[in-house]
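One chain follows as C-alpha cells, the form predicted alone.
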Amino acid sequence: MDARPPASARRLTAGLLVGAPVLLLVLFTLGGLTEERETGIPTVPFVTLLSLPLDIWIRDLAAALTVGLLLVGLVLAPRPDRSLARKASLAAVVWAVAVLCQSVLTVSEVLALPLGSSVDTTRVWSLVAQTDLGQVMLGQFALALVVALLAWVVQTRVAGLLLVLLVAIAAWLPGLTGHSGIQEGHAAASIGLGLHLVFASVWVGGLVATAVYAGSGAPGAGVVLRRFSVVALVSVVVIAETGLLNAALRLDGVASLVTSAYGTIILAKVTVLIVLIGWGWRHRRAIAKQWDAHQGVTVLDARFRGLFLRWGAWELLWMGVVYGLSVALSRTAPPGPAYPGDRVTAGAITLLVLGLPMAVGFINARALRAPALAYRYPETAAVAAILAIVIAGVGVPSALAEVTVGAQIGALIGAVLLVAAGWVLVTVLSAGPALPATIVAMAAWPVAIWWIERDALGGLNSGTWATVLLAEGLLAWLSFRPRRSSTVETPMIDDGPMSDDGRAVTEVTSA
C-alpha cells in the first residue's frame, strides 16, 4: 500500500466544481444562455442567464454541505464535533447569501431588467410577498440564517438532531417550486422532489463531512465510516425511487424520454447514478477489506485515510456532474405530449448506445458479453450496430406518427434496440485493439446522427454536434485506453479480486 500521507480532505470538494462547466455546457447546447430578440420586447440580460443557474448551483452545494456536516458532526460522530458544526455554520451563511442573490437574479429574469435595476427592495419584496417562489426563498433564507447561528452553540446530540431536522426542512423547500409548483394535485411531485433534494444533500454533504472527519484522524472515524455507509445506502434508494417518481410525473412516457432535451438530461442523470452506485459499491468494498484488516479499530491510520480520500475524491467528482445536470434540468421545461415527427435526440442516442452499457460495465464488467461472431468479425459488428441505431432513430418517429405500433410502444422498442446495439458495440470495442472497427464506428456515427435528425425541427444545432464530439471521444477511449489483459474476454473495467489497498488484481482469462 502507498505509505504517502493522505491528501488534504479539503481537496475533495474540488471534484464537486466540475458541476459548473457541466451545467454551462448543457445550458449552452440547449440555448439556455441566449434569448431571441424581438422588436419592442425586452430580453433577459446575458449576465442574468449566466449567473442565475450558477447561483442556484452554489445554493444547492452549500445546502448539501450544511446538511452533511451537521449530520456527521452532531449525529453520526461518537461525540458532537464542534469543528464540523462551525464549518456547517459557514456553509449555511453561503447558502443564505446564495438565496439572497437568487432573489435579485430572479427579479432580473422575470422582469427582463438589468442587474443594477433589479437590486431594488421594492421589486424584491414584491417577488417575496406575491409569488410562491419568493416565499420559498424567504423561508430558506430565514432557516439558513437560523442554522448558521445555532450551529455555533449546539453542544448536545438531542439539540443536534433537532438542528439536522431544521436544516432538512430548509433543503426540502425548493421541492415546492420547480416544475411541480404548489398547485393542487401536485402534492406527490412536490414531496417527491423535496425528498430527492434532501437525500441528495445527505449523500453528497455526508460524504464530504465523513472525509473531513476521517482525514483529520479524529477518534471514532471508523465508527463514522460504518454509520455513514448505512446512511448512504438508504439515500441512494430514496434518490432512485423519488427520481423515477418525478420523471414519471413530468414525462409523457418513453417517447418523451428519448425525444426531448428534458428526457435526455434525465437519461444522463440515470447513467451517472449507475456509475455512482458502482463506484460507491467498490469504495465500500475496499473500505470493508481494510476495516476487517484493522479488526474494527476506531482510529484509522494514515494509509487507510489516504485510501478513503482517494476513492472519495472520485465519487465526489461524479456527484459534481450530477449536481450540474440537476440544475440544468431545473432550468429546462418539461416536454409536452409526443407528436408525429419527433426525433430521437442525439444525446439520447449517445446515452443509450454508449453511456448505459459503459455504466453497467463499470459496475460489473462480466455483464458485457456479445455473441462470439461479434468478437471474430468486429468490423461487421460495428456496421450492424450503426445500422441498428439508424433503424431505431428513424423507426421511433414513424411510430410517433401512429402508422405502426403507436408512440410509446415504438419508443420503447427503439430504446431497447439502441441499448442492444450499444451493448454489442461497447463490448467489441472494449475487448481489445480493433482499429478497423473503431474507424468504421467513428466515421459512421456523425453520418447516422445527421440522417436521423436531418429533417427534425431544431435539429443539427450546436448541441447535436457537441454530443457527436462526446460520442467520438467515448468511442476512441473504448478502443485506445490502456488494458490489463490481452484476450477478447477482457472486460471493459476489470472486476477481479481486490488487493489490500483496494486496487483491482488483474485476471487474464483465456478465449
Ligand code: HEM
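Fair warning: this is a prediction, and the values are worked out from it, not measured in the lab. Each residue number is its position in the shown sequence, starting from 1.
Note that the form predicted together with this ligand isn't included here; everything after this is about it.
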| item | value |
| --- | --- |
| Heavy atom contact within 4.5 Å of this ligand in the predicted complex, the stretch among 78 to 86, 369 to 377, 217 to 225, 199 to 207 | 199 to 207 |
| Answer option from S330, S229, Q135, Q408, heavy atom within 4.5 Å of this ligand in the predicted complex | S330 |
| Heavy atom within 4.5 Å of this ligand in the predicted complex - residue from L163, A170, M358, V322 | V322 |
| Contact label in the predicted complex: R284 to this ligand, heavy atom within 4.5 Å | no |
| Exercise: I56 in contact with this ligand in the predicted complex, heavy atom 4.5 Å | yes |
| I239, heavy atom within 4.5 angstroms of this ligand in the predicted complex | yes |
| 4.5 Å heavy atom contact, L244 and this ligand in the predicted complex | yes |
| All of V26, W450 and E453 within 4.5 Å of this ligand in the predicted complex, heavy atom check | no |
| Those residues of 255 to 279 which, in the predicted complex, come within 4.5 Å of this ligand by heavy atom | Y262, I266, K269, V270, L273 |
